[in-house]
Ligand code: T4K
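The data below hold one chain only, encoded as structure tokens and taken in the form predicted alone.
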């Protein structure tokens, strides 16, 4: 194949897409469909659809056992879980949080009139930088909200030491980190509490759902009350609360997912190792590596594109992949601080987010999971390698990358 002929075959230049069906970054894992249907039939027969039914109770028990914590409080989604735990602990004023995260992490604070103070991240790990955290602590700071991005644990020990020294509450958004460990201890055991996501895109899912895990008995009691309008009995309300309950059908899916947890993890790991092999030694490409000495869910395939070396930007590469029906994602573009309402409210000169600003222009996340096999991964990587080998000609023929219409996706 000559360079010119090859370029013409790229879908972005009029060729046929490599894949007839769209490949998503996080297409849902289903597990044992027959077992799921059996559970759904049972809940329809019993008509126990919600209100802390038997599936929810069993799911909470199974999650607590997997993580090794005393309490799991299942919720309708992880955003509500964060809202409830922030309210239950009584955070106020300012809370330090990374900008390199999903927008919900910031919104749950602002929704409760707490100011999210955006912190930079370690450019190597993509997680909140404890040294930067310390420089942002003021008299109004009441907490630190760390995020285990990509399932990679934060620098938990350093954050814990900071929080203890300054008498701050430490929470973790562990949306990505179910099934992961830190120094041999499962994520979920750190800080005052941690929050998991079981959204459809997560490797273990409940269709839509989340959970708070904690070893604090008093906090767990408050969380259970607040998840159910503050009810402490049939018609006795003892605290402020909202409707954050998980439904029985969601818990049924969660239990089915948990039964396939090891299979999902192994598929993700095999996919990760195959991507690692295919993308090795490519100038300008750095793949984020997992610490295989720890337990990991290998849920995300993350790499950075260094435009100075590749000669085409991450967004050029993104557009090429999308045209081939490979719906890669540019997490967490453009950074929470560049989204509303924060962009309009925070003075630019007050932000020190150089690593974040770089990462949001470099990071690309590729499809994986049970719907992606190794032959598909090879094809994806062949397209990436071809694009980089022909970067100069591609850049000449493509429009400015940041003007390309790259739409968002649910997955």
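Numbering follows the first chain given and starts at 1. Everything quoted here is computed from the prediction, not taken from an experiment.
Beyond the structure shown, there is the form predicted together with this ligand, which is absent from this document and is the topic of what follows.
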Any idea which of 135 to 143, 263 to 271, 199 to 207, 153 to 161 reaches within 4.5 Å of this ligand in the predicted complex, heavy atoms considered?
199 to 207
Residues 129, 179 and 296 are flagged as a possible site; in the predicted complex, is every one of them within 4.5 Å of this ligand by some non-hydrogen atom?
no
How about residue 118 - does it come within 4.5 Å of this ligand in the predicted complex, if we only consider non-hydrogen atoms?
no
Is residue 173 part of the interface with this ligand in the predicted complex - any heavy atom within 4.5 Å?
yes
Hey, in the predicted complex, is residue 329 touching this ligand, heavy atoms inside 4.5 Å?
yes
How about residue 300: is it within 4.5 Å of this ligand in the predicted complex, going by heavy atoms?
yes
Among 320, 258, 95, 147, which has any heavy atom within 4.5 Å of this ligand in the predicted complex?
147
In the predicted complex, which of the listed residues (379, 27, 39, 62) lies with a heavy atom within 4.5 Å of this ligand?
27
Between 70 to 89 and this ligand in the predicted complex, list the residues on our side with a heavy atom within 4.5 Å.
77, 78, 79, 82
